[in-house]
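A single chain, nothing else alongside it, follows as structure tokens in the form predicted alone.
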């Protein structure tokens, strides 16, 4: 069992105490990341379209958290989120994008409104928020950006076309941002979770034997948890990650190996 002293030293190793962190999207993985950053002593702002979701999350955190209600799919709103976080935190060292939705159905059944909605929420918000965060961080010549992608950006899952398209696009967008901003001390990376039980996936997993079916595809033999995604996000945000950029880190229990 880990001793309290070992655990404390491990947290210090990350160098995130006092870091000014903004997390966009507090459901599931984003919420778990917020709790993890809170534990290591970061100064935290969260943004979401759901006021109740933010309030519920912040009740579980040890320190006061800046809450920003906004729809990040429009450039003006995205810019306002970054500006408000910077004003409240006194700057911005880390930005985590964890906004996303999915709709599982065959390609031939999607209508244009459904396609555009998924593109707007998943991809547009990532571009606008990362663009504005990058503008600030490159000027300051320091920053960490982490985007939550998915194994769907690599694997050809059926009934996932718009979602997979956004995640594949996020991976490439992230790499270009990483390439352009590396000379200014800004790293840009992504984590690609495998099958994780969140509010986004719970109803699907509870029906039709999907939990058992998906678990059988994972070499680890189980689904992941949001908390297991938070550690990789903290590492990619940390002082220990200064020479890692443009990387998609698959956090999937081995799913992409088979």
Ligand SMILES: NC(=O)c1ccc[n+]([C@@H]2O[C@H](COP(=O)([O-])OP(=O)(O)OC[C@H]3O[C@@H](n4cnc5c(N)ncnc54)[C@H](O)[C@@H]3O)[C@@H](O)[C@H]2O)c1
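Numbering follows the first chain given and starts at 1. Treat the numbers as computed from the prediction; the structure is a model and nothing was measured.
From this point on, the text means the form predicted in complex with the ligand, which you will not see here.
In the predicted bound form, the ligand sits within 4.5 Å of a heavy atom belonging to residue 28. Although the partner is absent from this view, residue 199 contacts the ligand in the predicted bound form, with a non-hydrogen atom inside 4.5 angstroms. When the ligand is considered in the predicted bound form, residue 187 lies well away from it, no heavy atom lying within 4.5 Å. Although the partner is absent from this view, residue 159 stays clear of the ligand in the predicted bound form, with no non-hydrogen atom inside 4.5 angstroms.
Of the candidate stretches 131 to 139, 105 to 113, 178 to 186, 92 to 100, only 92 to 100 has residues whose heavy atoms lie within 4.5 Å of the ligand in the predicted bound form. Contact residues in stretch 52 to 80 (any heavy atom within 4.5 Å of the ligand, taken in the predicted bound form) are 70, 71, 72, 73.
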